[in-house]
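Here we start with a single chain on its own, the form predicted on its own, put down as structure tokens.
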Amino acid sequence: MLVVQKYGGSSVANPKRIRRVAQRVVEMHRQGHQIIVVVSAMGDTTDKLIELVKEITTNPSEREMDRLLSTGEQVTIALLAMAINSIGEDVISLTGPQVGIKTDSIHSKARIIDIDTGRLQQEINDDKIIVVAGFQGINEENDITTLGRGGSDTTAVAIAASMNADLCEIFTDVDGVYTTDPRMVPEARKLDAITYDEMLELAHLGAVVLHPRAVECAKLYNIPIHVRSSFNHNLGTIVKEVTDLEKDMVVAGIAYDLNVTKIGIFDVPDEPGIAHKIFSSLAEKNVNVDMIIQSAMRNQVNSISFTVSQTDLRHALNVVENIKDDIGYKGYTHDQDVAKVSIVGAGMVSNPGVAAMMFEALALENINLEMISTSDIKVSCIIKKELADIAVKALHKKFNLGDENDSVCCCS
């Protein structure tokens, strides 16, 4: 059986943990399995590298940032390979470019285009354990690129897909996917299974267990992901396609995201093509826009509000300022003191009234809703950041997510 395993930064944060991962990998290999291991940078290495940059410049080249940040994973793969070799197993460490991970040229947010599996297959045929640097690849100009935060998840799933692996395991510091953040809500419960769509929404909405692009790739190639802890051998959560939803909860989880900024553009001319000009300009600068609301037209003008991540705020505001003369709006503002809270569940599509239950729970806590966005399986609201903790706890209680037997379930 070919198994792809990914270990996050907390799992390889120090030499002791690296040796523990090495032992776990070797045990799996000695059971007769072929193993490809994808790793992140150790602990908070990436954050420390970013702090170093801040001491040099406030406006670094994105190409050079990718060059710098990719070194974190290279340290980890070498140390882990040494640890595995010391136990007596044949092993080789490879960077993203050495693996043949080809990406586009959008530095810091590169997307994987293709993986040349020749080197991987060669090393597997030689019965070697392969340790791969996650989070990175190489573009057409042979420049190193990075996939964005959480990109090691994407690396692991993409390799699993390209190699037709039998299993992809994502090891982290939690036991699996919970109904919400257990650090915020101690009653949060681990889910045995969750659908790709539910996990994708939770990942997009702030749950940091899996990277959204990793889930997209797994769904596209129908690769089950086992999310589990590297600190024990407990079963975790299986992310997979589910066709029988009758037994699933209406709401599977509560997500929150504090990395949100709301931008409002006022007195925008009510003319065809205005929205296209705004959002195509943002897209050209690789700014990801999440929620969008346009107010009702009055006096031939309206207002448009949207949200972006705080990491994209500088680029977004530059775009908004640069298009002022072309658009002809009167002014704009932004608010970083907001958060997004969301409910997610595949069962919501066939159960009316779920949004009303959410709004009731928040109203009882006197929480004002600044923006609302919905889809078949989620409802998201923008609220004041200081109320996020209260909102998550209220929603978790409203949908009885702490008790599996009492959870709000679909009706068949």
Ligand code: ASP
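The first residue of the sequence shown is number 1, and the count goes up from there. Keep in mind the model is a prediction, meaning the values are calculated, not measured.
The discussion below concerns the form predicted together with aspartic acid, not included here.
- Although the partner is absent from this view, S380 stays clear of aspartic acid in the model of the complex, with no non-hydrogen atom inside 4.5 angstroms.
- Interface membership of A41, defined by any non-hydrogen atom within 4.5 Å of aspartic acid in the model of the complex, is confirmed.
- Among residues of the shown chain, T46 is one whose heavy atoms approach aspartic acid to within 4.5 Å in the model of the complex.
- Put simply, S342 is far from aspartic acid in the model of the complex: not one heavy atom of it is within 4.5 Å.
- Heavy atoms within 4.5 Å of aspartic acid in the model of the complex map, among the stretches 309-317, 150-158, 104-112, 271-279, onto 150-158 alone.
- Contacts to aspartic acid in the model of the complex (heavy atom within 4.5 Å) from stretch 133-147: F135 only.
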